[in-house]
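As a starting point, one isolated chain is supplied in structure tokens, in the form predicted alone.
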């Protein structure tokens, strides 16, 4: 089972820019490699990442085969209100992982 790690400040001042880091463990296979017998290894990548802040989408990323295994995404947003950040990774073969973190705005 894959593991998601998110790093969000526990507290922030209203209007402050906060840094968010999200990483998920995933083996990642590009679909371009072959086995020793020459058979193509099927693609298995995380193809989409979405982050919402109190149900409003703040980041969407479309990922491609060149993405690293265990991709780490770092981005910022403005702390507007206390609430929940929800992180969703989706990929090939029905892969889906969701994690969440809360931030308290003072």
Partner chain sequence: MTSRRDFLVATGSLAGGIGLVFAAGGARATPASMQQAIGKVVGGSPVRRGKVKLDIPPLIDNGNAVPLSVAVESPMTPADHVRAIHVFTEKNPQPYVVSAFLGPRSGRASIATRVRLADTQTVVAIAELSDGSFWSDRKAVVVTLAACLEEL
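Numbering follows the first chain given and starts at 1. Note that this is a predicted model, so its numbers are computed, not measured.
The form predicted together with its partner chain exists for this protein as well; it is not shown, and the discussion that follows is about that form.
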Just to confirm, residue 42 within 4.5 Å of its partner chain in the predicted complex by heavy atoms? no
Do residue 10 and its partner chain come within 4.5 Å of each other in the predicted complex, heavy atoms counted? no
Would residue 97 count as a contact of its partner chain in the predicted complex, using a 4.5 angstroms cut-off between non-hydrogen atoms? no
Which residues within 75-106 place at least one heavy atom within 4.5 Å of its partner chain in the predicted complex? 75, 76, 77, 78, 80
